[in-house]
Ligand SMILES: Cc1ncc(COP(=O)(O)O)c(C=O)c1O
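For reference, the chain that follows is the form predicted on its own, supplied as structure tokens.
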């Protein structure tokens, strides 16, 4: 007799299950394009040089391992707010912004989900498609999750007019999720003009935006990738922003994130803080220290901060170069299809256009692993395997033809 006899065996996580299958695959040419981790040209998830430098310094500087406050290290949060908002906006709008350190970007989303459910709304709209974990995080907090049109798989464009039509029908007070930059899984972001139209409509409809920002600096630059969030703040929105350092600092295992709640005024911010802190306390009590200390040390150290920005730019350039090469090779191997759209995308990911059945065939026949929706992590490619991967994908596409 067990209290768990009523449970059924569930399938593995759709992404991490593929990682396990990849590890067990005997194909010598196999390629892993699944998980959203930045890989260097050697296909290694290296530790950034500035992270190593900061850790060396922290060994001597750290005097205690005691708990952080419920909402975390304020010095770290100050640096993160400036990075996301920019110096001027952080100074002018920081008075109405509540900041809390979180357990990665996912932890930030969970704090926002609980805050929305407890105090704001029962529903949130997310783009179709989006990162699969968005649905799980918001549903687990008790929110009703609905979708709005975002991306057309045939035209490879944002379905902007359909998006506006759907948003115009959302009831007042509802939440709506956006990717701050480098949309996952499509890599397709709204233009500045489209962001301006969205901002205006959302203000009119009295909706509360939630920005998920996990790739600032992977698209165009740190400032350009923060444009949408900064525009919404300047436009006077109350909003949430969920931030992650997993990718841009390579701190995946340290779970370094933050949540920002931009309110209407300082009084509201203080009241909200007293209500959010108990939610955090009842969830993970207080955040971990080590990863945030690394980020804080680098951001506030003039030389290391400059070095980090240089490392980040090298990462961004590799992403752009491998994306362009992938697009070029796919166009050469499948001339009856148009792969030029890939060149205009941003960030780690793009959609290959493969169906689930085709993805399974690429995996089974060639050992090229990607998510079942056809999303690939471009940094899983390098000059040694890109010919093999594009050959494999093109062969499967031609089989259907």
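Residue numbers count along the first chain shown, from 1. Please read these numbers as outputs of a predicted model, since none were measured by experiment.
We do not show the form predicted in complex with the ligand, though everything after this point is about it.
Look at 244-252, 71-79, 272-280, 224-232: in the predicted complex, residues with non-hydrogen atoms within 4.5 angstroms of the ligand sit in 244-252. The listed set 187, 291, 217, 104 contains one residue whose heavy atoms approach the ligand in the predicted complex to within 4.5 Å, identified as 104. For the options 124, 109, 319, 295, the one in contact with the ligand in the predicted complex, meaning a heavy atom within 4.5 Å, is 109.
In the predicted complex, the ligand sits within 4.5 Å of a heavy atom of residue 134. With contact defined as any non-hydrogen atom lying within 4.5 angstroms of the ligand in the predicted complex, 179 is the only contacting residue in 166-182.
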